[in-house]
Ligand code: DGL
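Just one chain is shown here, as structure tokens, and it is the form predicted alone.
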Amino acid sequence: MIAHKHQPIGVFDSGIGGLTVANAVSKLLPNEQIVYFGDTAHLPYGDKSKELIRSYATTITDFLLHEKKCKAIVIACNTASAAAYEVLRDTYKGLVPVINVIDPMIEAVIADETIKKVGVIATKTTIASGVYPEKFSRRKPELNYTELATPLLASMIEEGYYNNNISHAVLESYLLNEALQGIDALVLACTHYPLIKNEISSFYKNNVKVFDSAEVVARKLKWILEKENLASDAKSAEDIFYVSDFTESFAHTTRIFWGKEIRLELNNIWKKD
């Protein structure tokens, strides 16, 4: 397939947290159509093997490329980015750009010479993968880094608890942890966390640089599309939002992550006969 600029951008996640990335892309690139796929039938990816995650990611990417004719793929999930990015990149090399949520964050941090110590907060699975320390130590050995698993945050946000007294208390207990003391920057290494970016910045009184995966990935995608002459000059169709399983709670949560009502379409691509 040869991609052209009026084709849509495919964005996928293990659930609907990746809507923060899709939303950031939509705001930065309003002329682009987005086709989003949330693999809600198989969430969470965190307790799956790398081989199974790669299988899911490959099936979703094939659907986005061959059925929906997407011109670029964004892996809007830290777990899938760590497990499947290299496979997808190599499989579709020369055909379409494939972007993950980890490398653009690493690039943004190491490019800032004022940062001497960076903290990373993420789910237990992402922290256990060791992907951020591995990339930081390889790309910028002199950089000090520290990590903290913050397992309550994703479920708290999904339930709508952010920008209130409950979220303030939970965030404070994490951000006061000894592991995060003395940092110059904080990486929000979960696609749920952009929704609490302002709270985190307020906690640090804007004295710590907070890196939001949604904004960073959207900027990287914009740069790639312009470089490859794939940026659309007019929106060709409305955005589409697929999930592989549907519940009313997913519908409620999408309003939190997208900021307004959207229509979810059920599409279990594993049950095509």
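The structure presented is a predicted model; accordingly, all values stated were derived computationally and were not measured. Numbering starts at 1 and follows the sequence shown.
The discussion below concerns the form predicted in complex with the named molecule, not included here.
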item: V120 within 4.5 Å of the named molecule in the predicted bound form, heavy atoms; value: no
item: 4.5 Å heavy atom contact, C190 and the named molecule in the predicted bound form; value: yes
item: Distance check, F37 to the named molecule in the predicted bound form, heavy atom within 4.5 Å; value: no
item: The named molecule contact at P30 in the predicted bound form, heavy atom, 4.5 Å; value: no
item: In the predicted bound form, segment of 44-52, 58-66, 224-232, 241-249 with a heavy atom within 4.5 Å of the named molecule; value: 44-52
item: Residues in 205-223 close to the named molecule in the predicted bound form, defined by a heavy atom within 4.5 Å, in order; value: none
